[in-house]
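Let's start with one chain on its own, the form predicted alone, as structure tokens.
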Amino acid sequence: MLVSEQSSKTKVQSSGPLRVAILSPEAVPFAKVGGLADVSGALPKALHAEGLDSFLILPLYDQIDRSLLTGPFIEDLEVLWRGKRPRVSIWKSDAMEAPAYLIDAPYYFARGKIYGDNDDFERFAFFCRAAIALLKRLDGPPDVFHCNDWPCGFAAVEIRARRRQEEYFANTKILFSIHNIAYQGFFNPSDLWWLDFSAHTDDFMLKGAASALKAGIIASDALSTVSPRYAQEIQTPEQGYGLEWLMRARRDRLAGITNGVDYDIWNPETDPHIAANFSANDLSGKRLCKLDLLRRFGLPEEPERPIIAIISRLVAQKGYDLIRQAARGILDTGAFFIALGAGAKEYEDFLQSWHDTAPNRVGIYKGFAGEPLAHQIEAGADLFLMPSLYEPCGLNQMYSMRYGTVPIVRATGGLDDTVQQFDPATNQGTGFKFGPHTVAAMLEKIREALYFYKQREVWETIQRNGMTTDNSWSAAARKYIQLYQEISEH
């Protein structure tokens, strides 16, 4: 297993800072669909703070706020693509401390959304090709090319091929991070030839289709995923999604590094989006945030009644089947329930029906309203529910702890790694965990949490335990640095 427990104390090599290029299809503060954006925005900044020469490359989507950008930085980047040499522009941003370079290709990225088109494989294959062309226009090749999830699998394959042929990339090593192995980037194998990957067909082939994720895993020098528990789970048939054999074969090159939280953004003491700031030493502002949240969702201003909240994509993975089955039991506890998210129509319809049945108890926002509302929910809720079928890492449970909102989670993946079950005998613990993915197990933990909610001193102890837990990116960044050093030395 890569990355030792001592890695958090590792410093940058004395010979000079490593140069790390991070490639991602989404990143905060530019464009976000899920947790990958939070990671891709925070990691370059954290690495930069540790002394690395780190930078980010991502597409320039049409919905990105142009006030974050300067440029164009390069106006004539030539990309060899499908027998032609189109030119694209590159914009630069210093909005996140470490530099970010955004590839402006309107044909592929001016679509009002990040994912969801039938030609996503083509769009991100072009993005990877353009990113590699950009690397040759910057100040020297990276020591490590850090690719994230299936959209970047094409880049891993291409860098591996180029370093055999081009001296410029001869010493560049590839790290491939798996944020969710269920999303594998499938497309028709017949498209490989015109994407110029026909020589690598075997690397892509999986279950009769081409998989950009599988190819990226095979082509990389090392692999990482977003929690130690998930690194083990993806080696099993239950959570490997057909790639467990490959993960077991490469387990000596696989590291599990838990994501961190960007405390510059998620900090109740300074958060500009919430009704009142508060801290572990002074929780009084949280009550004002709770009243503000009730008003925003049109719920009765009853601050003594607990609020259970969830923010997630509305998909089966996030446990919405359990929530749907447990709806009556949840309201029987006396709590409010607030949900923010978008996704499958069946779950959107369920939430709407639940709200219509109990409009004074259930508040919903279907869609993604942007960061402010997510901050307001984290600050105003009492409990945060994450009953995931599986969860590679999860970030909201860590945001919740920071905001004194106690998480109730299923003990899977990063949720199990980051939440400590509260023990009243020792007053230790940051939340509540259940094992079986069943309605009974989830409701039992909700009732247990609400039992302690009524005991104010105990509840404040649990809140403070979570608020003072260090889930910052600095510790995670040092583990990534250790991993970068290990692969760059081999």
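On a predicted model such as this, the values are computed, not experimentally measured, just so you know. The numbering used is simple: start at 1 and walk along the sequence shown.
If you look for the form predicted together with a small molecule, you will not find it shown, but the lines that follow are about it.
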Among the candidate residues Pro392, Gly153, Gly404, Pro142, which is the single one with a non-hydrogen atom no more than 4.5 Å from the small molecule in the predicted complex? Pro392
Interface check vs the small molecule in the predicted complex: of Gln376, Asn259, Gln184, Ser224, the one with a heavy atom inside 4.5 Å is Asn259
Only one of 121 to 129, 173 to 181, 236 to 244, 79 to 87 gets a heavy atom within 4.5 Å of the small molecule in the predicted complex; which is it? 173 to 181
Would Ala46 count as touching the small molecule in the predicted complex under a 4.5 Å heavy atom rule? no
At 4.5 Å between heavy atoms, is Gln317 in contact with the small molecule in the predicted complex? yes
If you check in the predicted complex, is Val39 within 4.5 Å of the small molecule, heavy atoms only? yes
Does the small molecule get within 4.5 angstroms of any non-hydrogen atom of Arg313 in the predicted complex? yes
